[in-house]
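Quick setup: one chain, the form predicted on its own, written in structure tokens, and binding and motion questions come after.
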């Protein structure tokens, strides 16, 4: 199942997306904690996070959350059904179909804002 095929890629992408989500959560907690130093510090962080590079990061975060969630459902099906492992390749391609369907609206909205120059304002 893992010898360089879909299962191997699913494993790697699941781990990478999980680490990305963890990095976001740490940054998010630090951002919320900045309110302890007053509104000036907190507002400075918020202004900093509204730069275009962080808007691209938001797209990456959304991609990671969607992939991690859908692939997690695939893993549940593989673990708790008698047929999951047999159809793991088809399930992985199903993860990608769901990913694209759910990611496109975010890409259009946020990506359009970045290209249009609004940067989430």
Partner chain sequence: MAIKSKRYQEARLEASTNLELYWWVFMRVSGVVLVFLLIGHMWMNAVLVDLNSIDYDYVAKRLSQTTWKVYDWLILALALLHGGNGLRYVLDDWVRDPAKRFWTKVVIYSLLAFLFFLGSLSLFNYDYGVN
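Since this is a predicted model, take the numbers as computed values, not measurements. Residue numbers count along the first chain shown, from 1.
The discussion below concerns the form predicted together with the partner chain, not included here.
> Does any heavy atom of residue 70 come within 4.5 Å of a heavy atom of the partner chain in the predicted complex?
Replying inline: Looking in the predicted complex, residue contacts with the partner chain include residue 70, since a heavy atom lies within 4.5 Å.
> Is the gap between residue 106 and the partner chain in the predicted complex 4.5 Å or less for some heavy atom pair?
Replying inline: Although the partner chain is absent here, residue 106 would touch it in the predicted complex, with heavy atoms inside 4.5 Å.
>> Whether residue 99 contacts the partner chain in the predicted complex should be assessed with a 4.5 Å heavy atom distance threshold; does it?
In response: It does not: once the partner chain is placed as it appears in the predicted complex, residue 99 has no heavy atom within 4.5 Å of it.
> Should residue 90 be counted as a contact of the partner chain in the predicted complex, where contact means heavy atoms within 4.5 Å?
Replying inline: Heavy-atom contact with the partner chain at 4.5 Å: absent for residue 90.
> Which residues from 8-35 come close to the partner chain in the predicted complex, meaning a heavy atom within 4.5 Å?
Replying inline: Contacts from 8-35: 15, 19, 22, 25, 26, 28, 29, 30, 32, 33, 35.
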